[in-house]
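What follows is a pair of forms of the same protein chain, given separately as structure tokens and numbered structure 1 and structure 2.
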Structure 1
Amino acid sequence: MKDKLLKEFRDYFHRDAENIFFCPGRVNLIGEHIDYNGGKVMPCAISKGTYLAVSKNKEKKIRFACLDFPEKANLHIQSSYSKTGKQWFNYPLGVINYLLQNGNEISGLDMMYAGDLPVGAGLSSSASIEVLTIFALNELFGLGIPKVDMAIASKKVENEFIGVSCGIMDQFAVAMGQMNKAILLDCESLKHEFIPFDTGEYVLLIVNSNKQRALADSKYNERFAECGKTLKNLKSELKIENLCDLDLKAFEMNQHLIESDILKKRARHVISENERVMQASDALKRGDINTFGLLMFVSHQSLKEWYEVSGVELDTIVDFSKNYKGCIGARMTGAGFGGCAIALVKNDLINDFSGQLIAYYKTTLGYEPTVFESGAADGVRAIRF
């Protein structure tokens, strides 16, 4: 990828790239739809991600190109930018806009992106390109931004420039990831802990359902709004700041405050999932990967039944995994409505599992999913060349 990017950069910009940076994607191991409810999540960065080859130019121009999309841009440096259509370069443009608006000086840049992360598959390709851009600009212009603040800024770009009301999990995971570690992140305080992700004789597989996440953004915003309403209902009598301030017992005692059955279901997922994250972290810490796997299955069930963000594609993958002897845990990961699932599969059965799953999925849905292996990987970084 690196050599291809360097060559394409030279062909397109007629000069050499001076720097290459890389930012991974992420999977969430457990703790789904929790980050915007002030609870704990447990993601990790993965090995696939987005690359950026970049050189400064003296022409006061920002030039964007990407190997994965045809659109290019050639923009004068301005004091601010606004989003244009649905182009891929809105993500780096949003980051540049954020930096300019916060008083940072930026000179001209020739930037070429390329990724090996499936786009729109729920592996945080957007967080990856945002954090990649702010990391690169921080290095190139010596802005002195700590990585946690890069994640916070990238989330802001996603919320305000792109218009998706996501939480902090994705940006945090791709910025802060560490090899072989899961990140236990408190999304309210941003306190975090790296827990060894020791899967023993099991391997983490990512299964891309290859179902386009067409409704994902609107449904995501709908769930976000539902949680806000539920919190408002509960706040009428309780002193809480977030849904995750309640444990299941307190929820049971106070659910009469919630105005509808749908909102009760949403809250039940959020509050039980937050408790599962703590159980999962305890299990990992004592090396009990079987319990961790079991919690993945329970998490999926809750996302399917209570939060209603799964779908036939993700359910097909998880149902198959449940019935496969060498798989100890599986669940959808990310926002849902298509995208990816993860599974813990015995290391000598990876090919067998993948082959059988692909055949089963194809018979059920008429097309194939894609399966690949990924451990927990390092976050955003410069690539030496």
Structure 2
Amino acid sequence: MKDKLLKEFRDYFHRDAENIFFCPGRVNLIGEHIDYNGGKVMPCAISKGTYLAVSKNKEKKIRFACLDFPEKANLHIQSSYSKTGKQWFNYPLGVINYLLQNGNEISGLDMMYAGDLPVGAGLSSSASIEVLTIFALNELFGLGIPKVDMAIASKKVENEFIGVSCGIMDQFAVAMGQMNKAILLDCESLKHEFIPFDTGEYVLLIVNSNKQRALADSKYNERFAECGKTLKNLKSELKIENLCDLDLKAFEMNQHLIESDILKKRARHVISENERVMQASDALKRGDINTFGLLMFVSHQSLKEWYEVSGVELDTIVDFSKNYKGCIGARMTGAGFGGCAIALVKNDLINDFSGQLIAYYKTTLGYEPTVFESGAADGVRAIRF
């Protein structure tokens, strides 16, 4: 990818790139749909991501190009920018606008992006572009922005410039990722801990269902509203700020306060998933990857049964994984309704697992998933060449 990007940069801009940077995507290992309920999540950065070749220019222009999309832009430097349409370059443009609005000076730039993250698969390609851009400009112009602040700024760009109501998890994971570490993250306080992700004789596989997450945004908003209503019901008698302030025992004792069975199901997932995250953290700390795998299966069942954000594609992947002897854990990851699942598979059975899963999935659904390997990887960084 680096060599291809350097060549394409030279061909397009008629000069050599001075720098290359890389920012990964992410998966959430466990802890789904609890970040907006006061819970903790456990993401990690992955090996696939987005690359940026960049050079300064003296023409006071910002030029965007990308190997993955046909749209290009050639813009004069100005004091502010606004989003135009749905073109991919709105993401880096939003970052540049943020930096300018916060008093940073930027000169002309030639920027070419390329990635190997599947778009729409829930692996955070947008967060990858945002954090990549702010990291690169921080390096080029010596802005002195810490990585945590890069994540916060990128979230703000996503929320205010792009107009997507996301939390901090994606940007934080791709900025702060560490090799062979999971991140135990409190999305409100940003308190975090790096947990050893030692999978032993097992490998983390990512399975792209190849169904884009068409319903994810609308259902996300629906679940967000349901959780808010449930919290309001519980606060009629309980002094809590978030659903995750309760444990399962307290939930069982107080579920009569919740007005409907559907809202009870949502709360049961949220509260039990938060407890699973802490159990998963304890398991990883003591090197118990088998228990971690079991928690993955239980997490998926809860997302399917109680939170109802899975779907036939993701269930097909997890059902196959449950019945495959060399797989000790699998679950959907991300918002749901398509996107990706993850699985822990014995390292000498990767090809067999992948081949059988692809055949089973195609027989069931009529098309193939994509399977690739990825451990927990480092976050955003410069590539030396």
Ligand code: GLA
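In this text, rigid core is short for the largest set of C-alphas that superpose within 1.5 Å between two forms. This one's a predicted model, so the numbers in the text were calculated from it and none came from an experiment. Just so we're on the same page, residue numbers count up from 1 along structure 1's sequence.
- Two forms of the same chain are shown on their own. Structure 1 is the form predicted in complex with this ligand.
- A movement of the C-alpha atom of Thr230 reaching 2 angstroms or beyond is seen between the two structures when the two forms are aligned on their rigid core.
- Remark: with the core as the superposition reference, the CA shift of Lys249 between the two structures reaches 2 Å or more.
- The Cα position of Leu190 differs by less than 2 Å between the two structures after fitting on the rigid core.
- On core superposition, Ile262 has its C-alpha offset by 3.4 angstrom between the two structures.
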